[in-house]
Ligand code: UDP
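Only one chain comes next, encoded as structure tokens, the form predicted alone.
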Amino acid sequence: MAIAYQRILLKISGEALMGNLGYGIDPLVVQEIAQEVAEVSSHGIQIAIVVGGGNIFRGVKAASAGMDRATGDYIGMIATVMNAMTLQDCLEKLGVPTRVQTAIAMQEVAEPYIRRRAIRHLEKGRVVIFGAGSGNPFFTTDTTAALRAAEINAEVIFKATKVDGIYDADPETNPAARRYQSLTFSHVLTHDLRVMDSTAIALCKENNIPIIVFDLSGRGNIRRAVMGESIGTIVGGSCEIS
């Protein structure tokens, strides 16, 4: 296995864990993700994961319905911990040592987030899953992914989604939409392409952390991304628009 990256941060949306369900967690989908992560980890790749919580609760949606935004975001953070623990269980059943670290103290079920400890876990071959976002309301798990990637010196962020890259229009409504192979951070910010929120993109640009957006449902795509194969869309400081 030709390896392009030694330390990666994998961002998984909460919606990706639903599969075809309308709500919650599809155990089969989580098992498939865990199997792919386990395969990559077995080759010595250091893997950190940030998981969203939109399959259980979304703070922005709750706020639009009248809930206090900060309260809604805190509930959403707790939802990410539920997803993190589910993924941890699947990984450990496959024999992959895994640690969940949370930005909100939950010492009975997870470690507190400590940067040096997270890096040490990675160096020892453990998969580290970051839960509870950044611990602050008004920030997305995309921003958390960019923040944690910078903190642990990850070489790349893999944003695993339900689409196979970034398009110049919505491919679901526009069959003529064109998928980009590569983009610059500046182009993404200027054209508001919503790969990740602008705060996350700015963090990645400042720290020169490339983002690869690809379809999580494609079997073997995580392995292919780690090997440096051309899948999805790459966003970076030195990338050309293509």
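Counting begins at 1, following the sequence as shown. A quick note: this is a predicted structure, and the numbers were derived from the prediction, not measured.
Here the subject shifts to the form predicted together with uridine-5'-diphosphate (UDP), a form of this protein not shown in this document.
- Contact with uridine-5'-diphosphate (UDP) in the predicted complex, defined as a heavy atom within 4.5 Å, is made by none of Y167, E229 and T233.
- In summary, among the residues G125, P112, G135, P171, the only one with a non-hydrogen atom within 4.5 Å of uridine-5'-diphosphate (UDP) in the predicted complex is G135.
- Note on the interface: of 113-121, 135-143, 149-157, 90-98, the segment with non-hydrogen atoms within 4.5 angstroms of uridine-5'-diphosphate (UDP) in the predicted complex is 135-143.
- uridine-5'-diphosphate (UDP) is not drawn, but in the predicted complex it has no heavy atom within 4.5 Å of A84.
- Interface residue remark: M77 is counted as part of the site for uridine-5'-diphosphate (UDP) in the predicted complex, having a heavy atom within 4.5 Å.
- Although the partner is absent from this view, K205 stays clear of uridine-5'-diphosphate (UDP) in the predicted complex, with no non-hydrogen atom inside 4.5 angstroms.
- Interface residue remark: F214 is not counted as part of the site for uridine-5'-diphosphate (UDP) in the predicted complex, having no heavy atom within 4.5 Å.
- Residues from 10-43 that approach uridine-5'-diphosphate (UDP) in the predicted complex with a non-hydrogen atom closer than or equal to 4.5 Å are K11, S13, G14, E15, in the order they occur in the chain.
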